[in-house]
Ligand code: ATP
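The chain that follows stands alone, in the form predicted on its own, written as structure tokens.
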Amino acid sequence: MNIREYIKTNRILYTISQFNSHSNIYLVGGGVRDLLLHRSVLDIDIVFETLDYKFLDYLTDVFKVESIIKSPFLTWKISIGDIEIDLAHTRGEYYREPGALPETYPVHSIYQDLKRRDFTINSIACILTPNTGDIVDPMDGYHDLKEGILRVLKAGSFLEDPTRAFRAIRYKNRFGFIYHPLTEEEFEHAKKLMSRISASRVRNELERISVEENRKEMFREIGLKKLLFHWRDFFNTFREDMLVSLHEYLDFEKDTWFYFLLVYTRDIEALGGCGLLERKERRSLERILALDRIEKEIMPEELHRWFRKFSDDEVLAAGALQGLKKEILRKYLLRRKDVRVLHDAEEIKEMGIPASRLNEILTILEIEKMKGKLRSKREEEQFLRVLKSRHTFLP
């Protein structure tokens, strides 16, 4: 399917192409790149050389959009169901200092807009209206797409924005490309200024990598190139075996990103102070690292003694670090999913079992239920009375 045919089949792009505009409206960046690579278009970034508020009204009316969010960077964002569309005026940019966020200003040329971007493969535009389907490619990005080359637009690109180093790793491993020699040289520039980058920008890049199909290769390259070490020096290790296990065990969810930090450091105190982690994420890593060694040959139900208060992701991450078999962890998570003790805490305490031992009692009860025992409340009660008679749980 060629580009013009694809636009006709895509409801959003086709609707935009039908707007009667006095200036060109373009699809840019990742959407064009993915179209030319015959991949699904996930990013819809639209730019226009002249802002026409009738265009915004048109989109709002056709798609029943309730609001348009405007940012300070000459951009707007609208949501259509699960799809977000980024709208922007064609822009130029400059950096007050290396590593800072760019200052933007409006320009009235798609060529100037494309020349400010990161890589040639992201510097291609497709006209949506009026000449629907025509390609604008001033940086020869289509050639690099065909040849499988990731090339920066200019020398010093990673000095301007060191986070482009993370994006280079992501694109290279996502598409199976190779670095252009100029891009290879830029990694040295990124290392010089990586320490200036804010924690939120680093976190954003790592979150994106954590959901990529080839995240193992991406995190591996980050380790080998020591990018995080150059951001903060306590990221001073690289445990490839741990990376392989975490990649194999953890689901491809954005919320799992921070477990991969353990590949590069175990200094939780330093991690907690660097701004990368939210409080619950730090506590999660602390719980995992505080675990005693668990025997590898263990029945799934017995893992409950360690993991009763762990989330599913914590169980999988901790199991990966402990070297436990994935199938045992999965069996445990499946069996604990529907386990429910029929006695509440007050009923257990009324049987003469002290509150200080309540968690221990509940753990034992849940283990027995995971084994298929104690199917009724009466069987639970009999089991509790036996435990009490052994005096194990008296003060």
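Quick note: we count residues from 1 along the sequence shown, nothing fancier. Computed from a predicted model, the values in this text were never measured in an experiment.
We do not show the form predicted in complex with adenosine-5'-triphosphate (ATP), though everything after this point is about it.
Contact with adenosine-5'-triphosphate (ATP) in the predicted bound form, defined as any heavy atom within 4.5 Å, is confined among 157 to 165, 181 to 189, 274 to 282, 300 to 308 to 157 to 165. Among E217, D137, D118, D267, the residue placing a heavy atom within 4.5 Å of adenosine-5'-triphosphate (ATP) in the predicted bound form is D118. The partner is absent here; in the predicted bound form, the one residue of Y249, Y171, F238, F229 having a heavy atom within 4.5 Å of adenosine-5'-triphosphate (ATP) is Y171. In the predicted bound form, adenosine-5'-triphosphate (ATP) sits within 4.5 Å of a heavy atom of R208. At a distance threshold of 4.5 angstroms between non-hydrogen atoms, N122 is in contact with adenosine-5'-triphosphate (ATP) in the predicted bound form. Among heavy atoms of Y111, none comes within 4.5 Å of adenosine-5'-triphosphate (ATP) in the predicted bound form. Residue contact with adenosine-5'-triphosphate (ATP) in the predicted bound form: D45 places a heavy atom within 4.5 Å of it.
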